[in-house]
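Only one chain is given next, in structure tokens, and it is the form predicted on its own.
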Amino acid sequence: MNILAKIKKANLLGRGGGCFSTTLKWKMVDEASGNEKYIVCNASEGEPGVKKDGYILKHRAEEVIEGIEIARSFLNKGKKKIKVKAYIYINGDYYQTLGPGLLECIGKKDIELFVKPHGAGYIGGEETSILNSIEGERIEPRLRPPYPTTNGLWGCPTLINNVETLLNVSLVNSDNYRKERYYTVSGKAQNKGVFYLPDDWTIEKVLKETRNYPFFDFFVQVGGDGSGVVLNKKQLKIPVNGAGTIKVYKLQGHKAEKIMKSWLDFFLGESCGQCTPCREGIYRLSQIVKKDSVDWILFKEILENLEESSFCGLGCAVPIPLKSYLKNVAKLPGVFIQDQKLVCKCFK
């Protein structure tokens, strides 16, 4: 059985947060025309709370490198005159601590470590922003289509996979993949850390099995501490999604406007400013939350505008934590928020 068939049988999904089919992405790059192709291992990890890629690179770098080499062999197999160059696009903090070990693992293989520029932030991990960064262009998303699978680095077909995705490719190739994934648990948790567990476990089960299920009333943010969905403790019987993170918040005594402001401050600082809905919309939202009287109707309208018209995934991600928090948590007893009845009406 060839590697693509193995990946398909294992039903591998991307672990960078998008959960796109690994089989389909590899097939698209393989079928794209051109005598020069690229592989990019995305180790940028710029969203708060996501720590798994750094953990993997520290403990399982050789398997990640093997996954890159397997991808190279796949794109080259049976073809002549196709050059395949690989990059590891790595978070600067990770490079400082893990760079020497990675270079040792790479050895003489044609894999280049490309350090994510300082200040590139969250948007610097978006796949087309990565392409611009490596090419020396302004770090901002590209208009799609065309997609990187056909028009990536320097216009060539480019395979962009997350660190954990390439680790899984290595495991699938050696018949050691057991349908497990990495989870990061943070926040008001007793036993914070990175855990390797079955990928179909519910949020509740992950918290309980890792001794992180709180003894107090709580809610969680799942999939990233910036863009993740917010759920109350009665909504935890579903699998963990996105980048595999769970952040625990204490319900009693938390301040609604303060937590929303923290999300908006993150997105405001990370927006590349390329598109008006994102640049102006996030600013307006942050100003609304700061006011003594919050206009929840306008707040909702701006969120909907961001969903519908943002250029890239950052603007589209802004409504996820805000709307889910206002829908699932803000209406709970004991939560203090301005005009709670209006909030419940606006965010059903």
Partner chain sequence: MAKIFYITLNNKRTKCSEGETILEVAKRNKISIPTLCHHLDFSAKGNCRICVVEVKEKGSKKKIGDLVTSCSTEARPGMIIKTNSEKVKKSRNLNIELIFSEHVEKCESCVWSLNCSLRKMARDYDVKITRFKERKENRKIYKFANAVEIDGTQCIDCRNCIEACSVMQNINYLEIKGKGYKQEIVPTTNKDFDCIYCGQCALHCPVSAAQEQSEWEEVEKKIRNKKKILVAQFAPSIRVSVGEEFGLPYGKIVTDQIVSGLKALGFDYVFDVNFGADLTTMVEAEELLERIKYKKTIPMITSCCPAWVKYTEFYHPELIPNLTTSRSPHIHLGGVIKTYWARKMKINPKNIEVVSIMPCTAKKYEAKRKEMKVGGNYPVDNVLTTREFAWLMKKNKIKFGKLKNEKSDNPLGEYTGAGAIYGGSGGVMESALRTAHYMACGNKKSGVCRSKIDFKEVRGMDGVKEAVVKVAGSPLRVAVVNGIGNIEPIIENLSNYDYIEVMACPGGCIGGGGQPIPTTKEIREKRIQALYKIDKGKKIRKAHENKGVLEVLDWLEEKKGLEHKVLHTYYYSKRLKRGK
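Positions refer to the first chain, counted from 1. This structure is a prediction, so every number in the text was calculated from the model and none was measured.
This next part talks about the form predicted together with its partner chain, which is not shown.
Interface residue remark: Lys208 is not counted as part of the site for its partner chain in the predicted bound form, having no heavy atom within 4.5 Å. Its partner chain is not drawn, but in the predicted bound form it has no heavy atom within 4.5 Å of Leu103. Taking the partner from the other structure, its partner chain in the predicted bound form has a heavy atom within 4.5 Å of a heavy atom of Glu270. Among heavy atoms of Pro319, none comes within 4.5 Å of its partner chain in the predicted bound form. Remark: all three candidate residues (Leu143, Thr276 and Asn305) come within 4.5 Å of its partner chain in the predicted bound form, counting heavy atoms only. Considering its partner chain in the predicted bound form, the lone stretch of 113-121, 151-159, 81-89, 217-225 in range is 113-121 [heavy atom distance within 4.5 Å]. With the partner removed from view, the residue among Arg284, Lys323, Arg60, Lys51 that has a non-hydrogen atom within 4.5 Å of its partner chain in the predicted bound form turns out to be Arg284. Contacts to its partner chain in the predicted bound form (heavy atom within 4.5 Å) from stretch 292-325: Leu298, Glu301, Ile302, Glu304, Asn305, Glu308, Ser309, Ser310, Phe311.
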